[in-house]
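Consider the single chain below, provided in C-alpha cells and representing the form predicted on its own.
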Amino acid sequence: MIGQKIGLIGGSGLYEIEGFEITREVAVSTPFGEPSAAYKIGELGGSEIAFLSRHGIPHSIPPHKVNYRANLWGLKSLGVERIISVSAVGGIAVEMNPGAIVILDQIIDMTFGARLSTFYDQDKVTHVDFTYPYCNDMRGPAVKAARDIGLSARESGAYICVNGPRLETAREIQFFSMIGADVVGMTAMPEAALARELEMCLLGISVVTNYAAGISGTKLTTTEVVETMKGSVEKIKSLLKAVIPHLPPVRACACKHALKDAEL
C-alpha cells in the first residue's frame, strides 16, 4: 500500500534514484498556465513521488521565468501534501563551502514585486503567516536522516533569493551577508510562499555549488555550478532515500492550517 504523496522539485538527475521507478507521466493544466514540465510519477520509500523538473526538460527555463504558481498548483491538484525542493546555491557564510549540503530554515526574499508571488491577488485579501517558511516536521527527519547515513549536512541556513538571471555583484553579497544570508539562489521564492498558501509542507535542501561573488576572488562560471552539482547528486539521492520513509505519516504541523485566520 502506497502512503503519502510527496512532490519533489529539482533538476533532471534527481528522478534517477535507485528504487524510484517512474510509472507514468502526467501533464497538468492549471488556471495559472502550464507547469515547467510533465510530472513524473513513481514510488520511493513507500510514498508516491511526483517529480517536477523546475527548469523544464531540457533545462531551458531561466529562474525568473519559471511559472511557480502553475508548478505548485499542479502538485496540489495531484494530491501532494508535502514537497521536497532541491536547489543549487552560492555560498556566502564561511562554512558554506562548495559541495556543502544545506537543510534550509529561513528565506530572505529579494524578488518581491518582480515575480507573480501569490494566489491571492484578485478577490480575497489574505496574509499567510510565513515566519518559518520551511516545515519543521520535515526538517527534523531530514537532519536525523543525514546524521544516520553519515552525511555531513548544514542543519540550518538562510537562503536569500534574487531575481536573476545575472549573478550578483561583490557588494551585493557583502550586503546579503550583513543581513544574515548564508546562501544565495534564484528559485526559493515565490516557490516557498506559494506552497504555504496551498497549505503544503515544504522541505528545502540546497547544494552549495560555488562561493558567491567576491568571496573566492575568481570569476563565477556556470561550468563550476554544473560540475559541483553533478558531484553532489549522489549525496542528495542518498538523503532523499533516507528521509522519505521517515516523514511522519500524518501531518501534525501548522502548515496544513496556514489559511486559518489569514483572510481579512
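For every residue, the number given is its place in the sequence shown, counted from 1. Remember, it's a predicted structure, so these values are computed and weren't measured experimentally.
Keep in mind that the form predicted in complex with hypoxanthine is not shown, yet the notes after this line are about it.
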item: Hypoxanthine: the contacting residue among Leu167, Ala93, Val143, Met110 in the model of the complex [heavy atom, 4.5 Å]; value: Leu167
item: Residue (of Cys201, Leu52, Ile49, Ala212) lying close to hypoxanthine in the model of the complex, criterion heavy atoms within 4.5 Å; value: Ala212
item: Contact label in the model of the complex: Pro190 to hypoxanthine, heavy atom within 4.5 Å; value: no
item: Any non-hydrogen atom of Gly185 within 4.5 angstroms of hypoxanthine in the model of the complex; value: yes
item: Residue contact check: Leu194 to hypoxanthine in the model of the complex, 4.5 Å heavy atom; value: no
item: Val89, heavy atom within 4.5 angstroms of hypoxanthine in the model of the complex; value: yes
item: Candidate stretches 24-32, 233-241, 38-46, 204-212, one within 4.5 Å of hypoxanthine in the model of the complex by heavy atom; value: 204-212
item: Residues from 223-246 in contact with hypoxanthine (non-hydrogen atom within 4.5 Å) in the model of the complex; value: Val225
